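The chain below stands alone and is given in structure tokens; this is the form predicted on its own.
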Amino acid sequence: MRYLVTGGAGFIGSNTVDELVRRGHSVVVLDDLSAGKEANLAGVADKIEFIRGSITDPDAVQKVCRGVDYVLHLAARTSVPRSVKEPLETNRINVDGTLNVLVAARDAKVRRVVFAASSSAYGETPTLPKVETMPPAPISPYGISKLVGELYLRVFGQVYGVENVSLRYFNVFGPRQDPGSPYSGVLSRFCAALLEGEQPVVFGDGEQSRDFTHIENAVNANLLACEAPNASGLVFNVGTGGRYTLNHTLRLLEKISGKRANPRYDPPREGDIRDSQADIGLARTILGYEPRVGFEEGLRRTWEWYYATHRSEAAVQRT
């Protein structure tokens, strides 16, 4: 089988590409490297086709879709705070870009498009856990853009017969998540701060909770969604079903790393959701999805990866 992974040099994308290659599939990656890194694909560079280009370029997307069986559409502007600051750019990438991918997939007659949706579609509704039948109520431009993507997938299925699955990721974390930006995932920033001997920054009181989902679980869901029968046209939560506060998470990191966190608490950020937790019953039933890596184990693996990477980079700087 031949897979197109948009955003394949990014965090979730590159981990997904690795697994596709490991399973013996043919893979083409489309990435403009605005957020992803070619270094993320170094281990499989000779086994894939890498195209530097953007989903906002319809011609580029048309070309890479030809001859593809499945499209894993993971490219996006992923930051909630950045979307608040840059709503037009977020819409251009996440909405216009997704429409470009769907048109190209339709024209190339691909078997199915799997879309990286987001738990941000639920917004600030107090009900936990979040179930796919709940009315969406996003509170950020990012959340809106991801919900619009879901709606476009559904319409392309109904109007053009394009098979499609949307996966609402819940706070994915793990190796290769870039901590170098204020818009990065919170666990990557926590790890980086502890490694550098700096104070981790917590926005709010730290009692906000998340269903932190290790990258291996997200990759597994991506590949199950490509071929699962009776899944087309549906939206699935991808999480673990648990939730952890940021304060508890920092205490776990202290235990794993042997370092004191001493966090700094800053005001909450616009668009951030207080609590998040996934009901994964539908994904279990239809996709056969089951979380393989629990939160504490995933956090340990993640810390070990950042620690090893930090030591390697420090050694290079010394030479």
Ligand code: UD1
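Computed from a prediction, not measured in an experiment: that's the story for all the values here. Residue numbers run from 1 along the displayed sequence.
Below, we refer to the form predicted in complex with the ligand, which is not included among the displayed structures.
Peer 1: Looking at the partner-bound form in the predicted complex, is residue 118 within 4.5 Å of the ligand by any heavy atom?
Peer 2: Heavy-atom contact with the ligand at 4.5 Å: present for residue 118.
Peer 1: Mark residue 129 yes when one of its heavy atoms lies within 4.5 Å of a heavy atom of the ligand in the predicted complex, and no otherwise.
Peer 2: Because no heavy atom of residue 129 falls inside 4.5 Å of the ligand in the predicted complex, the answer is no.
Peer 1: Residue 160 versus the ligand, in the predicted complex: is there a non-hydrogen atom within 4.5 Å?
Peer 2: Flag for residue 160 set to no.
Peer 1: Decide whether residue 214 counts as a contact residue for the ligand in the predicted complex under a heavy atom distance cut-off of 4.5 Å.
Peer 2: No, residue 214 sits far enough from the ligand in the predicted complex that none of its heavy atoms falls within 4.5 Å.
Peer 1: Just one of 285-293, 268-276, 25-33, 53-61 has heavy atoms within 4.5 Å of the ligand in the predicted complex; which?
Peer 2: Comparing against the ligand in the predicted complex, the contact stretch is 268-276.
Peer 1: Please pick, from 186, 234, 144, 110, the one residue with any non-hydrogen atom lying within 4.5 angstroms of the ligand in the predicted complex.
Peer 2: That would be 186.
Peer 1: Consider the chain as shown here, without its partner, and state which of 240, 171, 100, 91 has a heavy atom within 4.5 Å of the ligand in the predicted complex.
Peer 2: Checked against the cut-off, the match is 171.
Peer 1: So, a 4.5 angstroms cut-off on heavy atom distances: do all three of 78, 177 and 202 pass it with respect to the ligand in the predicted complex?
Peer 2: Result yes, every residue of the spot touches the ligand.
Peer 1: In the predicted complex, which residues of 227-246 put a heavy atom within 4.5 Å of the ligand?
Peer 2: Just 246.
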